[in-house]
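Shown here is one chain on its own, the form predicted on its own, set out as structure tokens.
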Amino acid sequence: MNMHPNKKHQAKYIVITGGVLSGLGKGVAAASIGSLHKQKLKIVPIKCDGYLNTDPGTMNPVEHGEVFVLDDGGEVDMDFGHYERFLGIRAKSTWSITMGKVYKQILENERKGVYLGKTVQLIPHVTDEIKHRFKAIAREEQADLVLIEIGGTIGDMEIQLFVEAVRQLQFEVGRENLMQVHLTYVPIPTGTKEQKSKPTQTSVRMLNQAGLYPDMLIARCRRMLTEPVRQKIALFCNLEPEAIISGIDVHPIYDLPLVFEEQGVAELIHKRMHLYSPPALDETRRLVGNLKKLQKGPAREKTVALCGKYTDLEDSYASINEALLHCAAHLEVKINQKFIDTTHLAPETLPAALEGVDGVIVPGGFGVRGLEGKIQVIRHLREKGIPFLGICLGMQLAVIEFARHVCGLTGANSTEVEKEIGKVEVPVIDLLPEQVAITDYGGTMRLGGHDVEIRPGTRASEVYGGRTAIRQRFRHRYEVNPAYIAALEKGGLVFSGKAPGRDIMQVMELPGHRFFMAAQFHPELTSLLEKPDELFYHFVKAML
């Protein structure tokens, strides 16, 4: 886009805010808007979160949703998963701006004397820091388009400084370089078929009071807005009717860019900002079509059980859900998901819990709760030949199960549980050496992208197309204890992936089993609709 390299680069900004209630899908909406322009433009997404944590790494997944891990080691909001999957980018941790990060920087600046003894205030110092981050990211990345998603709901106290920073930014970069999009909610109350516009009107009025005037409004609703409601919203929100977009419920979510394209979103942005990159959505359209066909008619169906302890909130395992959906689109199989909380699972109830299940995923997690239930499940899968995919903790538990019931190491366990159950006699899973002296919890694990050596002649080599090296994302403190590797391999377990130059085991498999594989990394984090992760793909294929 920047045709004059010597001319100062000016990025365009699209700011996405939300109103009425949280959880409307601002991240998916922002990613969908970006996907309409990704063919020719460099797009950088920024997420602003009002919480005072520096990142979500220590937050409960049931409260906040999954922690998404970036290649550079950043622990960020799950919306970055949407950004990477929709935009085909590799995001950076600096693109995640929490109020905790901002305040931390302000306090450090004050101690260093950056403010020259002035009284440090929310305005201008905090808002200046926020704007500085927006501009620095745009400049460093030479971005054509910066998507800024403001988390939370307009009116929330914790996001007011982000909103104020955007109000100031629009005058600094020029109105022609900043567009505001507001996502709101149009309910259809039970007992009536009427779409109600009043919550949207109130939300936009609150936005106006903060000094922001949306150029486009996306109205979340179960169905397309009626023309009278669209006209009414346009009138009260000072917009043309064509700028009122229906953000209908879609499944799969990858249908949303297609819905936006049909309603002229790309053209509206071009008209408002002179920013145009023709949408290239043919492959998305084909794969979404496959998924819709599976929903409609008779299709191959398989059921995958997800055995964890964060089953109260589906977003706890959002990337796993998406990875399975990617496989479904390519293999043209409908995948039903069953969530099994292993906390109170007993041997006598296990067969009933797994009835009708074609494959099982044991995902990552922390703590002792539900561990023994997961180990029971893994043993059942191993003995009955049912496809199994273990991720992170799932791999560690598969090693413990094999050590106990095949290698005869009855006291096998992870030293992670010693605080709860006492000293572990056979620590087949132990702390990584570099983790021993660490006491802080946040951001101190083995995080981010690391290379994995794949052993030739193994199932893993087949899964990864004969490659001898891959790159994957990690988030763990514990590993397979090198002292027990020989005993485990003698028992028949194969470690088919390891860290280059180190005895950190990263992929394991059981030869002769239909599909029994596990990885210390998180393959779900790099799966895309256009290119499903290989481990997930072969797991689903084995079920067929």
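The model shown is predicted, which means the values in this text are computed figures rather than measured ones. Numbers for residues come from their place in the sequence shown, where the first is 1.
Heads up, the form predicted together with glutamine (GLN) isn't pictured, but that's what we're talking about next.
- Using a 4.5 Å cutoff between non-hydrogen atoms, Arg502 does not count as a contact of glutamine (GLN) in the predicted complex.
- The shortest heavy atom separation between Tyr478 and glutamine (GLN) in the predicted complex is within 4.5 Å.
- Using a 4.5 angstroms limit between non-hydrogen atoms, His522 touches glutamine (GLN) in the predicted complex.
- Taking non-hydrogen atoms only, Leu225 never approaches glutamine (GLN) to within 4.5 angstroms in the predicted complex.
- With the partner removed from view, the residue among Asp255, Glu416, Glu322, Asp79 that has a non-hydrogen atom within 4.5 Å of glutamine (GLN) in the predicted complex turns out to be Glu416.
- Proximity to glutamine (GLN) in the predicted complex, defined as a heavy atom within 4.5 Å, singles out one entry of Gly364, Gly359, Pro427, Gly370, which is Gly364.
- Of the candidate stretches 265-273, 390-398, 461-469, 93-101, only 390-398 contains residues with a heavy atom within 4.5 Å of glutamine (GLN) in the predicted complex.
- Although glutamine (GLN) is not shown here, in the predicted complex the stretch 500-516 places no heavy atom of any residue within 4.5 Å of it.
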